[in-house]
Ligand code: EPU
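Before any questions on binding or motion, here is one chain by itself as structure tokens, the form predicted on its own.
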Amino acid sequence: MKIQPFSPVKDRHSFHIDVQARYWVDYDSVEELCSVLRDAAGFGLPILPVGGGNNLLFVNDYPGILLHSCLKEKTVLEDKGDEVLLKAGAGHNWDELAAWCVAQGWGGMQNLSGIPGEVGATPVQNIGAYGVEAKDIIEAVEVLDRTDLSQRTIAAADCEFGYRRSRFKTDWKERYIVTYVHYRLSRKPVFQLNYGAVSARLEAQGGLKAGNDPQSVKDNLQMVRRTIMAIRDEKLPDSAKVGNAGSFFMNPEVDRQHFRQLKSACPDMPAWELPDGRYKLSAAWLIDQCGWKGRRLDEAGVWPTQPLVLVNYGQASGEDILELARSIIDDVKRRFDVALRPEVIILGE
């Protein structure tokens, strides 16, 4: 375990805002996590579990304790021929895990390739990309209960996963800390290739191989992963070079009447009908229509090839990024009467 007081956080989150935390704690076991929580109880400081820091915007210094998991082990809990149940530590790098599973010929994570961060964030955020969400492969989540320091395993069905949300972001936010996640993977995966860019690129490469033999499955998984990584690299900036948190906003949802009004005024507006009759709109399209793609407000800006991504060009403060986000929200609301909500967690607003 490593405890660092007044610790700079600039290189520990993807926006690279120059702030510090009162304490930064790296823990290597659940026992060490329990020890930290017991010791911290008497200080009255806020406590926030963090992973790779890829979904955080610090507006000010963090006045409490940032807890970072170094639980990186992975274990096969079950192997039933066509299915594998994998347990991974919350501190394991997500994309490295996805790459490893693809190399084993285990399907389920390939569409989520390239998403930055660590395993512990996958159930909290219900991360998703290219037609797949973490909820599609999560079977259970192991947690530490902060109220009594007990450990328990929560079934995925009880996590109330939704679009970029779970109970870990709502009523469980102050109660549970994710320690391990169980993923159900398949040696005979059903490929989700509904996104046009993905399917078109695969077709240009000759398409996926026929058959479910192990080598064909591995080759197909690798092809999908490479394709998605290439698309991401073209659209999204490397956070090591340009500070960003990926998609800053969630795609908004509107009722049928509002959708029809918008579609009548904007026939080319992309949208997806939801099971409840509502419609999900493209936040990127809305932002682009308001003229924000590629614009800058000093050191804060909107990425030229993906309007969902707000970036720190070098010296932006958290307040600079937040002011940019507010301006975009105001413009989209004014033009379309649609409220954008941040996907990024804003700290110290």
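A residue's number is simply how far along the shown sequence it sits, counting from 1. If you're wondering where the values come from, they're calculated on a predicted model, not measured in any experiment.
There is another form of the same protein, the form predicted together with the named molecule; it is not shown, and what comes next is about it.
Visitor: Any idea which of 39-47, 284-292, 312-320, 25-33 reaches within 4.5 Å of the named molecule in the predicted complex, heavy atoms considered?
Guide: Result for this chain: 284-292.
Visitor: Out of F249, F191, Y279, F161, which one falls within 4.5 Å of the named molecule in the predicted complex, going by heavy atoms?
Guide: If I apply the 4.5 Å criterion carefully, the residue I get is F249.
Visitor: Answer with one of L308, A300, L66, L57: the residue that has a non-hydrogen atom within 4.5 Å of the named molecule in the predicted complex.
Guide: Going through each option in turn, the one that passes is L308.
Visitor: Report yes if any heavy atom of A129 sits within 4.5 Å of a heavy atom of the named molecule in the predicted complex; otherwise report no.
Guide: Within the cut-off, so yes.
Visitor: Classify K235 as contacting or not contacting the named molecule in the predicted complex by the rule of any non-hydrogen atom within 4.5 angstroms, answering yes or no.
Guide: Looking in the predicted complex, residue contacts with the named molecule include K235, since a heavy atom lies within 4.5 Å.
Visitor: Hey, in the predicted complex, is A245 touching the named molecule, heavy atoms inside 4.5 Å?
Guide: A245 belongs to the contact set for the named molecule.
Visitor: Report yes if any heavy atom of W100 sits within 4.5 Å of a heavy atom of the named molecule in the predicted complex; otherwise report no.
Guide: W100: no, not in contact with the named molecule in the predicted complex.
Visitor: Can you tell me which residues in 57-86 come within 4.5 angstroms of the named molecule in the predicted complex, by heavy atoms?
Guide: Going through 57-86 in order - heavy atoms within 4.5 Å of the named molecule in the predicted complex - there are no hits.
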